[in-house]
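So this first bit is one chain, no partners, the form predicted on its own, shown in C-alpha cells.
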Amino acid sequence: MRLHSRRAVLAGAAAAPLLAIRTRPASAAEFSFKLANNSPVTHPQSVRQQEAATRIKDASGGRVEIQLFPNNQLGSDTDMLSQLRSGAIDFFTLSGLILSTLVPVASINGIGFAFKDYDTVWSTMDGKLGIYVRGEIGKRGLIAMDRMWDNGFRQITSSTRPIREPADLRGFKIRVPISPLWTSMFQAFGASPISINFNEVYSALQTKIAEGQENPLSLIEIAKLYEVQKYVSMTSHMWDGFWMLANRQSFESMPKNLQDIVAQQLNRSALDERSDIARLNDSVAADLKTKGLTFVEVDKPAFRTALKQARFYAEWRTKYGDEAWALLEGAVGSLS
C-alpha cells in the first residue's frame, strides 16, 4: 500500500468537513493509489476515470492522488483481480461476469436475454439486485461503488458465417471471457467456446484460433475487431457492466471525508460514462458498416427458447440461489 500519512494527521483530517480541506502541494499527496482497467485509453471508461482522478485530487486539496493504468497495462483481468485483492492495485473496474470467479452471484447481470433495454438494466442494477451483489462482493474483502459502468449489450461477430439462429452456433469456435456463465451459455447453444483474456482477442481472431467473439459494438470498433471479422449478429444476448472495485484496506485507510470524495467522484464518472456509451451506440453501427462489417438481424425469441430447452436458466437459478434469482425476475420478469 502506498501511503504516506501519519496517525495524528489522519485523526485531524477525519474530523474536518468536506469543504474545509486545505490545498496541499501537488507532490505532497498523503494517499497515492493505482486504478486499473482493461479498456483502451480512448474508451469512455478510461477517459472518465482519468477525469475522476483529476477531480478527486482537486476536491481533496491534493491529499488523494490516483494514477490510471488502462488497457491491461498491469496484466490480464485475472491477474489484476489477484493484485487488487493483495493490495498491489487499489481500484479496478471489472466485469461482473469475470468477478464471478471470486463472487459467483456477480455474473447474474449477464444471464442470457434477461434485459430487454437499458431502462431495465439500470433500474435493476442500481436497485435491489445491485445492492444484493455489492453485499456479496463486500464479503470477499472488496468494496464495490454504488454505480456500475456500462460495457453495453453484447453482439456476436464472425469471420466465417452469419449467425441468425441458435443452430448457426453449433460447432462455432467463439472466444469468450474467462467466466463460467459465458462458457455455459454458448455450450447450451452447441457452440465451442474458448476462454481468452481480452488483450489476446485480436490475435486469436487473426490467427483463426477462434472464428468469432462477442462484445459491445463500441468495443468492437475501438479494438478494431472489424479488421478480422466479417459479420456482426445483433443478438444483444447479454448486458455486461463493470463494477468499480476497491481494495478494502486501501479505501478504508483514508478518513471518512476523503472516502466520500473518492466514492462520489467515481460514481459521477460512472454516470457520465453511461451517457457516453449511449451516444456511441447511436453512431457506431454506421461506422462499422463503412469499415466492412455486415450486420445480421437475428431471431431473439428462438435463442431464448433454446436456452430454456437446454435448462440453462434452471441451472443458473440453482447456482445463484432463490433469493438472487427472485430479485432478478422481480425486475425483468420470468425467465425459467
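Quick caveat: nothing in here was measured; it's all calculated off a predicted structure. We number the residues from 1 along the sequence you see.
Below: the form predicted in complex with a small molecule, not depicted.
**Q** Using heavy atoms and a 4.5 Å limit, would one call Asn38 a contact residue for the small molecule in the predicted complex?
**A** Asn38 belongs to the contact set for the small molecule.
**Q** With heavy atoms only and a cut-off of 4.5 Å, decide whether Asn215 touches the small molecule in the predicted complex.
**A** Taking the distances in the predicted complex, the answer for Asn215 is yes, it comes within 4.5 Å of the small molecule.
**Q** Whether Glu211 contacts the small molecule in the predicted complex should be assessed with a 4.5 Å heavy atom distance threshold; does it?
**A** The answer is no: Glu211 has no heavy atom within 4.5 Å of the small molecule.
**Q** Examine Asp90 and determine whether its closest non-hydrogen atom to the small molecule in the predicted complex is within 4.5 angstroms.
**A** Contact with the small molecule, no.
**Q** Exactly one residue in Asn151, Gln155, Ser250, Ser158 has a non-hydrogen atom within 4.5 Å of the small molecule in the predicted complex; which is it?
**A** Looking at the other structure, the residue within range turns out to be Asn151.
**Q** Could you tell me which one of Phe113, Phe198, Phe172, Phe189 places a heavy atom within 4.5 Å of the small molecule in the predicted complex?
**A** Looking at Phe113, Phe198, Phe172, Phe189 one by one, just Phe198 meets the 4.5 Å heavy-atom criterion.
**Q** Where, among 253-261, 132-140, 177-185, 116-124, do residues come within 4.5 Å of the small molecule in the predicted complex by heavy atom distance?
**A** Looking at the partner contacts, the answer comes out as 177-185.
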